[in-house]
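Just one chain is shown here, as structure tokens, and it is the form predicted alone.
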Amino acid sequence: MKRIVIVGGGTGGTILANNLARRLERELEAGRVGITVLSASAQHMYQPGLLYVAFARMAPAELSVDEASLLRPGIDFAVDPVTAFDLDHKEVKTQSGKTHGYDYLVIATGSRALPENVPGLKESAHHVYTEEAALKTCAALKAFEGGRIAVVTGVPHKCPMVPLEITFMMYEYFRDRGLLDKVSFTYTYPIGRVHSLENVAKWAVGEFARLGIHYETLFNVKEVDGAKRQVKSEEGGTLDYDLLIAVPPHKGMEVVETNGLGGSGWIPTHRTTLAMEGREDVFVLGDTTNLPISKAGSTAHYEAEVLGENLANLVTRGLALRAYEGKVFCFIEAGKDRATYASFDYQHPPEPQPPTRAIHWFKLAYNRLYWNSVRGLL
């Protein structure tokens, strides 16, 4: 029997498992293939929804369902996080002490926000990368009656459009509350433009000009002085604030680092095959890769579709045919009821179009359709 072990029950791991179970249905039923998903949690969270929680437009209860309910019949699922990888012996060990052998291993462990890695950031800033943090951000926005709002961004981070989205959404939030004349915005970004994607940056600068949002580039956060309400940058700048919104720097999961699979938790990954560098039987999905593309749910989705086809072919025919081309699709909320998107790959940069109400409603619809997407029904 060919054994496929998927470590991680997030977007990439779930879509891949369902994709394989569909493609290998006969082999599963005949006992010629086994698919196992090992997760650190029984719950599957739709993480992009946390941005809407911060603005009281979604409730946390809408964002999570039981992971087991998302998986097709025939998939073995266990809430038993992997603690050790023995790639030379084709085994992983879990928290419960079990050992799982594999013929093919997929690592899709995701990433984590680490505001604590910047002195003062965790204590002084608000963000939207956990349920608790999103609820605290919601409370802070509701209580804010005016002053200086600063948006700071650490790198790398997942959900590449969040710095822009939260800025535009705050603008309209305070406009709706009649407080725009009492609020000022300063958006900062660590490189020499306002976004890592050049065409997205050009589009955003136009939006900032239209709305009167100030921005500073080449601003890498060094530390935050909460008592003085100041952010200091590595470049020597100082930014005063009354409300600090952060996109914290991210790292891969600790288990990747402690097992020596990749620095900062990012595993060296082949850009088209998605194989771990130096391994033909280990593959990497989503945030866990070190690929120079956006860490987004759509990235994991497209990667999982390619890898699903290739793994199924490896199991049944002994060869993989399809190449991942770096495809990514990101919605960009441009306010309360307007949105655009960025669609791109390794060869083609994004070309954001003017935001529309229709794209915004499509994004809201996808928030609800996500569960069908990870089930493989879309």
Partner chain sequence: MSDTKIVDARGSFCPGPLMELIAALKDISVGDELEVLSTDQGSAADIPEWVAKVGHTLTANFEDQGVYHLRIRKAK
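Positions refer to the first chain, counted from 1. The model shown is predicted, which means the values in this text are computed figures rather than measured ones.
One more form of this protein, predicted together with the partner chain, exists but is not displayed; see below.
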item	value
Heavy atom distance at most 4.5 Å to the partner chain in the model of the complex, all of His44, Gly308 and Gly376	no
Single option in Pro81, Gly120, Gly74, Pro156 placed near the partner chain in the model of the complex, where near means a heavy atom within 4.5 Å	Pro156
Contact assignment for the partner chain in the model of the complex, among Ile293, Met253, Leu141, Ala133, heavy atom within 4.5 Å	Ile293
is_contact(Tyr341, the partner chain) in the model of the complex, heavy atom dist at most 4.5 Å	no
4.5 Å heavy atom contact, His127 to the partner chain in the model of the complex	no
Exercise: His195 in contact with the partner chain in the model of the complex, heavy atom 4.5 Å	yes
4.5 angstroms heavy atom contact with the partner chain in the model of the complex for His348	yes
Region of this chain that lies against the partner chain in the model of the complex, out of 102 to 110, 231 to 239, 84 to 92, 164 to 172 [heavy atom, 4.5 Å]	231 to 239
Stretch 203 to 227 - residues with a heavy atom within 4.5 Å of the partner chain in the model of the complex	Leu218, Asn220
